[in-house]
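Quick heads-up: it's one chain on its own, the form predicted on its own, in structure tokens.
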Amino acid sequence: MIKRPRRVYKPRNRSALEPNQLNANVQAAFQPIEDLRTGEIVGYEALARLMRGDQLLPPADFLSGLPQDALTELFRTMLGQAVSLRQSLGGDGPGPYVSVNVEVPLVLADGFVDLLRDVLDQHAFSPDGAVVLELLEGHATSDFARMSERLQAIRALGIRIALDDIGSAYSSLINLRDLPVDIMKLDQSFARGLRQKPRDLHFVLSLQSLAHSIDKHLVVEGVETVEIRDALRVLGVDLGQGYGIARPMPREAIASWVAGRPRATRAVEQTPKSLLGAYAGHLRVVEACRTLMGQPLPVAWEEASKDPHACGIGVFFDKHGLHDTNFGRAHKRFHEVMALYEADPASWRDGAEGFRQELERALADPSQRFRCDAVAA
């Protein structure tokens, strides 16, 4: 299925669509979901597109105003195409998962679990976690007991649950607390504007920490550039989705796209490859120091921390000759006081804040747009 538009659209030349017309004309476009640490493609989200003559219409031109029976058939069609893709990728064995969007009212409707069973039976497929339903955040429910019971029944079929668009509505934390959710998907608005609002990386890091603490996976949507992808990778984010990784593509294009990608690696490379990645790396260091503050365990890094060329940010600055810039000198000053977070916290805070501010100035300056070493696959 597809996410409902968040604003009112005025579709062009749209006439009412019967459920059988949707079934015949809807095509799924699949957008890859990447493990940002290794480059492995771990999933695909199915996004609805409607064929009208020789045109492929976006959801704004056909989704708004569809009756409930048409929406139900749209979901059935999208789920069937997603399962078919999953079978072609890995059969019943290991392989990427496929996800389909679904609105809460449909999940709570009578017969929904039977609909899921019917589609799985038609394909003779046992998902075992390889199919994910993404609950659209725009539809909240106050009946958490009923919703939880329904989601448990869905999970009993081997289907996992994702909570989509976290951060776009007030109910996100309540849903995470009270519903059996496996995957958290951060609303794309937090990632798309990171160059203009790099401080939003604080929110992303906090949500990633929350996901790990409650044993969930986090997918960050809106990874629209390789620079954003680099920053999230350095930050330690699990999974990403967006144009900086790949655009949605028809099923028949997936094999050639995968074949043209660099091979995934098990190595966790955290050296930044962009200025935004350096900002993310600094954020991680600062948060690590704050975690250590007041801890009774000694940390033997006083001498090593003084070398501004030894850390990942320093390696990036060395490669691009950036140590003599304003932010490069601020990086050196921070290294001079990095180990003083407990002995001289005021100097440490000044050094950390000074480097952060200089990086933000550079990110806001069009003349400081360095080429990102990261290459979109």
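For every residue, the number given is its place in the sequence shown, counted from 1. Everything quoted here is computed from the prediction, not taken from an experiment.
Quick note: we don't show the form predicted in complex with guanosine-5'-monophosphate, though the next part is all about it.
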Check your understanding: Taking guanosine-5'-monophosphate in the model of the complex as the reference, which of Glu227, Glu103, Asp164, Asp238 has a non-hydrogen atom within 4.5 Å?
Key -> Asp164
Exercise for review: Name the residue from Arg192, Lys216, Arg150, Arg76 that puts a heavy atom within 4.5 Å of guanosine-5'-monophosphate in the model of the complex.
Suggested key: Arg192
Check your understanding: When you measure heavy atoms, are Pro198, His282 and His320 every one within 4.5 angstroms of guanosine-5'-monophosphate in the model of the complex?
Key -> no
Check your understanding: Just one of 305-313, 39-47, 328-336, 348-356 has heavy atoms within 4.5 Å of guanosine-5'-monophosphate in the model of the complex; which?
Key -> 39-47
Point to revise | guanosine-5'-monophosphate contact at Ala278 in the model of the complex, heavy atom, 4.5 Å | key: no
Review point. Taking heavy atoms only, is Pro248 within 4.5 angstroms of guanosine-5'-monophosphate in the model of the complex?
Key: yes
Review point. Any of the heavy atoms of Leu232 lying within 4.5 Å of guanosine-5'-monophosphate in the model of the complex?
Key: no
Check your understanding: Quick one: is Gln81 in contact with guanosine-5'-monophosphate in the model of the complex, heavy atoms, 4.5 Å cut-off?
Key -> no
Practice item. Note that guanosine-5'-monophosphate is not shown here; using its position in the model of the complex, name the residues of 222-250 with a heavy atom within 4.5 Å of it, in sequence order. Key: Gly222, Val223, Glu224, Gly242, Tyr243, Pro248
